[in-house]
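Two forms of a single protein chain come next, each set out by itself as structure tokens; they are called structure 1 and structure 2.
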Structure 1
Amino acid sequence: MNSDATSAPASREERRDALVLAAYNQIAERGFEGLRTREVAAEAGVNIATLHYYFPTKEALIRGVVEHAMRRFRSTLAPHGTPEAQLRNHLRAVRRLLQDEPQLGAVMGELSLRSARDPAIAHIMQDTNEAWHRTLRGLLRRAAAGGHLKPELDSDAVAALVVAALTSMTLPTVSASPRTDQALRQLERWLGI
């Protein structure tokens, strides 16, 4: 619950964001299964009718959450440094992001499952995944060209494997395991970074 009597009056954008964030947290905590508009409104400190003033339907609110999660996740995709360093940093950044903000993993997992039933989400997730894959493949190729990576690697296949390994960490079953860090380090060893 967020109702802070001393907080400054929220602007239009801030209130929208607060609602999206509340929904984001609710989805992380209870899944789409347990997402209740009244709960979201309460957590944002507003009346249920106010929620509908900003988002005409629950679906519209969910689209807001999708955008938020994607923006949040894409922030990890813009590294700098040498390609090898970027690769290593990227693996660790994703891992850290999912650890520091466990909601993101949960929401991404929920969205991934929902994409099987919701073409709009499927499309967005696919786009994001494609961008992610291309970024990784680019890094792998440049690292190989610079002689800092075993040249026999198929950059497409490796990129796909890295995406898969990192994606699996959005699932509690995997991310809760104490061996997940070992798995990532093994990946780094194989990549030689």
Structure 2
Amino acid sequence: MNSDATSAPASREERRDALVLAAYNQIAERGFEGLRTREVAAEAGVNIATLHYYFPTKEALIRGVVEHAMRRFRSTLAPHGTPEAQLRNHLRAVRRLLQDEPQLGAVMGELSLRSARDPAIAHIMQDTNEAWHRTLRGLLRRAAAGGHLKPELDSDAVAALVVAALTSMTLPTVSASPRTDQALRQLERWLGI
């Protein structure tokens, strides 16, 4: 544990957040394989026992990292405006967020890739994508009901397409492509928003 007790986060919530942020930073910098719980604890200014108190398993820590990342994505959903405007603003804000915070894309891309080999992470990512899908499907349905989207569009399928497109932007080979911005702009035009 850090010998300077004043540098350790004071409250339970602050300690938990510091641990999540330390793990998030490690995954962004070194990938999933570079995540070391002892180093996470040290970076957060606590000992390994404290880390295990908050996160008994590595999967629990990963769930905390994904929740942190998804809070960033949810921040792009405006609670006001027409459903069409909310959807348009969400797509544009996610694009900006991934440009402004490349570590966010790196973390989510790394966890997406890892989920192909790790059932626990696959479950976390699936739950996360399902929640995002439901949110988008609701926005699409409200936009269609308001006459802002083509009525023949299947809101479930379109929500799946949007999640797939935005998720793919976190993959290293896609995120580095100059075509991603072009693809998202075309998606917006196709949706008519």
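Rigid core (definition): largest C-alpha set, two forms, superposition within 1.5 Å. Residue numbering: structure 1 sequence, from 1. Bear in mind that the values here come from a model prediction, so they are computed numbers and not experimental data.
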Item to check | Identity of the form predicted in complex with the DNA among structures 1 and 2 | outcome: 1
Next on the checklist: Superposed on the rigid core, does the Cα of Leu104 end up 2 angstroms or more away between structures 1 and 2?
Outcome noted: no
Checklist entry - C-alpha of Ala85: shift of 2 angstroms or more between structures 1 and 2, rigid core aligned? => result no
Item to check | Threshold 2 Å Cα movement between structures 1 and 2 at Leu21, rigid core reference | outcome: yes
Checklist entry - So, with the core fitted, how far does His52 move at its Cα between structures 1 and 2, in angstrom? => result 8.6
